[in-house]
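As structure tokens, one chain now follows by itself in the form predicted alone.
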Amino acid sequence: MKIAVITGGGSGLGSVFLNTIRQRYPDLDEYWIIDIQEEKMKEAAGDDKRIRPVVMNLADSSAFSDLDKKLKEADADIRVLINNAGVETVAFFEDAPEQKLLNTVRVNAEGVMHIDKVCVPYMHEGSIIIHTASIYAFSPVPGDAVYAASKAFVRSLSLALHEELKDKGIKVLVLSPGSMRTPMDRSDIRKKGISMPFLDMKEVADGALDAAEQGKESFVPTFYYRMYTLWCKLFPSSYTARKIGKNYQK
């Protein structure tokens, strides 16, 4: 059975990826969406019987063996994996609840790793993996430290897997978007200074899939965010962290 797997597929960028993939790869047998929010997935699936909602808590390491079992029973051939689910707790480290920070690491970093570990054995030549990282993966971010660190993990893992899986014909791309209107977990911390433009999520999904099909290793949407990531690469991390940190205050 040829399928696509999309984590965080019930809302935000994940649901946009779902609709884009349905249009782009209409010959797939099923589209699996993984999310913790069952109602959101039912809403995203609508009446399409080929969409299979899989309720799963990516912060629970015991849940991945059940996903493996489902894939094995379906004799799955994963053609597209969008490893997209993520959470964010915007807060100064000393003020943030520890459980929220742990959840951020477990979903954004460990969850991505576990999904890859389960899904890669079901992938073959021509399969595509897209990891959703962030422009914050390019520099430490005071005021959003744990989220930025978790996305740096995703970026590093993606670039390594791009090389490791190349000989098998599996294409791996890291997507690093900027601001999007998604239902992320945010606190009352206030930003000041620069205001980053919001991205069109349909253009982000299309651009990432185009780049992945071409075998590229990385995709950053729009000229603005490409210049942002270039700036992060040109200057020492200590300098960029200090500058970015000035845009956060209690």
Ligand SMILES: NC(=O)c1ccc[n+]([C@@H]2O[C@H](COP(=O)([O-])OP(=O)(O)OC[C@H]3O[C@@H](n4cnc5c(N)ncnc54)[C@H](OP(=O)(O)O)[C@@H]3O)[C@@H](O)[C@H]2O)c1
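Model, not experiment: these values are computed from the prediction. All residue numbers are counted from 1 along the displayed sequence.
Beyond the structure shown, there is the form predicted together with this ligand, which is absent from this document and is the topic of what follows.
Next on the checklist: Please tell me which of Ala44, Val220, Leu58, Ala205 lies within 4.5 Å of this ligand in the predicted bound form, judged by heavy atoms.
Outcome noted: Looking at the other structure, the residue within range turns out to be Leu58.
Next on the checklist: Which is the contacting stretch out of 160-168, 144-152, 69-77, 119-127, given heavy atoms within 4.5 Å of this ligand in the predicted bound form?
Outcome noted: Answer to the contact question: 144-152.
Next on the checklist: Can you tell me if Leu13 lies within 4.5 angstroms of this ligand in the predicted bound form, counting non-hydrogen atoms only?
Outcome noted: Residue-level check for Leu13: yes, a contact with this ligand.
Next on the checklist: At 4.5 Å between heavy atoms, is Ala211 in contact with this ligand in the predicted bound form?
Outcome noted: Outside the cut-off, so no.
Next on the checklist: Contact with this ligand in the predicted bound form for Ile51, defined as at least one heavy atom pair within 4.5 Å: yes or no?
Outcome noted: Heavy-atom contact with this ligand at 4.5 Å: absent for Ile51.
Checklist entry - Quick one: does Leu173 come within 4.5 Å of this ligand in the predicted bound form, counting heavy atoms only? => result Contact with this ligand, no.
Checklist entry - For 14-48: residues with a non-hydrogen atom within 4.5 angstroms of this ligand in the predicted bound form? => result The stretch 14-48, when checked against this ligand in the predicted bound form, contributes Gly14, Asp35, Ile36, Gln37, Lys40 at the 4.5 Å heavy-atom cut-off.
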